[in-house]
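The data below hold one chain only, encoded as structure tokens and taken in the form predicted alone.
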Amino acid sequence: MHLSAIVVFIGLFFLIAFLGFLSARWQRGDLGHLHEWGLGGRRFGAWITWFLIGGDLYTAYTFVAVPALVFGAGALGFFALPYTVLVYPLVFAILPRLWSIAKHHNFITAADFVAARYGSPALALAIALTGIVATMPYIALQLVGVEVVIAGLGFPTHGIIGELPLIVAFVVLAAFTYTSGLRAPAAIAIVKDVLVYITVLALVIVVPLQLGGFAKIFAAIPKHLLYLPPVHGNDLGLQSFYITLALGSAMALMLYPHATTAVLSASGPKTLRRNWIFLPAYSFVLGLIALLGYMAYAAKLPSNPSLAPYFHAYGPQFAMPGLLLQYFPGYFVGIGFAAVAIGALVPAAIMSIAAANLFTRSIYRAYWRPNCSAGQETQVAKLVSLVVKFGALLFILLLPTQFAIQLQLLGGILILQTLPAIVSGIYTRWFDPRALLLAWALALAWAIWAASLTSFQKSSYALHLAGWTIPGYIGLYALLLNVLLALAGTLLLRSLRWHSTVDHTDAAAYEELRQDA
């Protein structure tokens, strides 16, 4: 047991719990309305939005998984850098438009927009279910980061005593999310980011000094881990997979319900555009985080007798925590581990709120209680957020962690298939909702089949085209199929004059966008 680390860890945890409950009084609004509880009243300014979106997208699992991937797979793990750089130009023109349309119509989720834009509750239901299914394992994965640091503190990892810290953490999370809504993770995100920056900067300064500098670190890394393998013959191998994985991940990132929720909570389009300019600062930190994988390899952490049991239990996922335990005093280990744990609670809170918003608006209100009051709607969302969180907790407690990793891998592939309906609707009403729905279903079916070929262990599929073998990200290939099917289906329906032109959104909202442009 690392007592000094535990004291600091618990102290910081109680600090963020206090902030979580106190945030209900921040920017006061009627939390009996869903746009107040689930979107913070759409009043978050530039700085709060910057911390919230950053805390939402750069999760605890990021801090654990990216160094782990670099530690185990080498250069492939750096795909996270180009994709987090690509994502900001992609969304610069898209998401501020979605915010304006959503504010004009009081939409809470992207599925609300799809339902009105296409006059299709069925298509909106498909978008909502995809978002909920993709989010659940993502919440569960945040617990993986918490589990790793709890084990690193010296707590038992098995039995009810071993699971008790995890249960306590999520009970507290459930309580302050229920009472404060999105204001809680927005307030906590500031503390989380400060701790993350302190921890990462300390690691990239202290560890290289201990290891003799970056030159010695890179010299200790085998060549096959420093570079992607070259192309051989007509097989593009990891080169094409790297590119398609980065591009597909960038396109999927902002479609996740928790990302959309953070975006729609901003005070306006200008706030969002300013954020896209400055959010690449997180990408810089992510690059430093990725380097920790090489540092852990050069430090030969698994050969350290005191760390070997952790690597045996958690594999490469213990690379970053292992560096903290190896090179830092106990109190700073507590700070670093708290950064990871709080980095799990912030996105987990936003994810549960986003899933609850989707369920309440696109299932409960659309099919169950169309005439429910604002208070009833919000109460259902609060209850569903609890169910989502404890469902994720049971997932981790009862099933092997690998299941959550595999399902989250599939979740990224699935969420990408919502892009045609959401993004095209922001710019045009040309597509037919029935064509979009059929294309969504067929693309999802193909993606699940392609992932099943690897027993859901990998996200790549080797496309054979004109004598070339082009391994690529399943999600991107499925998206291409999705778009082609939606185009073909819409053209067919238009040629037969069976296409739908129903649109319940206000044309004035799009005219305002054209004037702003």
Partner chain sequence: MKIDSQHPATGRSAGVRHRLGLPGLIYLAIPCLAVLLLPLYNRADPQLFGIPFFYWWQILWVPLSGFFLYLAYRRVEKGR
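Fair warning: this is a prediction, and the values are worked out from it, not measured in the lab. Positions refer to the first chain, counted from 1.
The discussion below concerns the form predicted in complex with the partner chain, not included here.
Enquirer: Can you pick the stretch from 346 to 354, 129 to 137, 84 to 92, 384 to 392 whose heavy atoms fall within 4.5 Å of the partner chain in the predicted complex?
Expert: It is the stretch 84 to 92.
Enquirer: Taking the partner chain in the predicted complex as the reference, which of P156, P280, G315, P329 has a non-hydrogen atom within 4.5 Å?
Expert: Contact with the partner chain in the predicted complex is made by P280 alone.
Enquirer: Between the options F214, Y197, Y367, W430, which residue brings a heavy atom to within 4.5 Å of the partner chain in the predicted complex?
Expert: If I apply the 4.5 Å criterion carefully, the residue I get is F214.
Enquirer: Any chance L225, F284 and Y294 all have a heavy atom within 4.5 Å of the partner chain in the predicted complex?
Expert: Yes, the whole candidate spot contacts the partner chain.
Enquirer: Using a 4.5 angstroms cut-off on non-hydrogen atoms, would F311 count as touching the partner chain in the predicted complex?
Expert: Answer no; every heavy atom of F311 is more than 4.5 Å from the partner chain in the predicted complex.
Enquirer: How about Q239: is it within 4.5 Å of the partner chain in the predicted complex, going by heavy atoms?
Expert: It does: once the partner chain is placed as it appears in the predicted complex, Q239 has a heavy atom within 4.5 Å of it.
Enquirer: Does F78 make contact with the partner chain in the predicted complex, using a 4.5 Å heavy atom cut-off?
Expert: Output for F78 is yes: heavy atoms within 4.5 Å of the partner chain.
Enquirer: Can K270 be called a contact residue for the partner chain in the predicted complex at 4.5 Å between heavy atoms?
Expert: Yes, contact at 4.5 Å.
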